[in-house]
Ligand code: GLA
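In structure tokens, one chain follows: the form predicted alone.
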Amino acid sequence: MNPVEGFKETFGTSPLIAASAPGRVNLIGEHTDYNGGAVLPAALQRRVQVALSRNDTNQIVIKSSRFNDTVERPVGDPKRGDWTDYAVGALDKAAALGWLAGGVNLFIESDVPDGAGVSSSAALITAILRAAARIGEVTTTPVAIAQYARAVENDYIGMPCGIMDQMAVGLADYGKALALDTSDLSYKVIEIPSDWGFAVIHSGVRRELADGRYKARFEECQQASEILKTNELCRLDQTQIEALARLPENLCKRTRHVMTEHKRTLAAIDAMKVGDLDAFAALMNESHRSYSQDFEASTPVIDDLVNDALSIGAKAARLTGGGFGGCIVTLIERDRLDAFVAELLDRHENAWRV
């Protein structure tokens, strides 16, 4: 459904503004974004679209095409623990910035799956902030929007994420990847080689970042950073590397993952720039091994899906996103992609292509 038409059907009037943002898949660079490292996400074709207007009340009225019910929440309502928190949090941030105050009617249309590790929440928040900035006639930048969107997740939702998702959905378009250095937010948009085929496959296991496991990994990285006296766990000097052996085993493994993942991501960026598919694939595969064994964020279902993808011809396959379920991303020559995906899904009845 077109979000403007959905808004008219729901509220009986035309919206004041519409905006959108894509989902994203992270090709390589997991949990490096809040540890001062590099990431390489790419935009999906799937998008979150919003249409909204002021409603001259103190209520935020939210309707999504995915759900039958219309939800009403007062302006300034604290987090409730349901999906509408992301919309309310984004509007709360927009009000704090002076972009859009008071009650709002909001219609949401999305084909970005939630619980899949492809940034549906970041896309929703970003789309709402984009719309609010236009209503407020504010001149801003994609980087500033990304920073505000991250603040919504950190401060309102309580999710200690880095800034990769918000930068990716704000700066990348379909067919392009975002080479981002999270230590200083410098970035370059890279064209994905036309003969490379990436497929995002949902494992059938819903990923819930709010269940505590993502936060536990974040806190382990913070503990390691405090012990090693660094704000950038991805970029240790020789003295700090030598000190790794004195860390508890779990902290040593988490540090080893983010440190080596940062280096893999830098090498992968170079490989993509010159179109070296085999080098890029080898880095993706090593990334999954590290993510599964050192960061311990994979699951048996995910590992089986990765192994089967490789056995039937994928050049690379790895868990993508925050971990503990969700999606894998596979790499294969583009002319073999559709046949490969069909065979993989035939083997995994609960999996589906994003």
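Please read these numbers as outputs of a predicted model, since none were measured by experiment. Sequential numbering from 1, following the sequence displayed.
Form predicted in complex with this ligand: not shown, discussed below.
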Check: Looking at 162, 103, 113, 197, which has any heavy atom no more than 4.5 Å from this ligand in the model of the complex?
Finding: 162
Item checked: Proximity to this ligand in the model of the complex, single hit among 156, 214, 83, 187 (heavy atom within 4.5 Å) -> 214
Next item on the list: Just one of 315-323, 299-307, 45-53, 59-67 has residues with a heavy atom within 4.5 Å of this ligand in the model of the complex, so point it out.
Entry: 315-323
Item checked: residue 37, heavy atom within 4.5 angstroms of this ligand in the model of the complex -> no
Check: Wondering, does residue 29 line up within 4.5 Å of this ligand in the model of the complex on heavy atoms?
Finding: yes
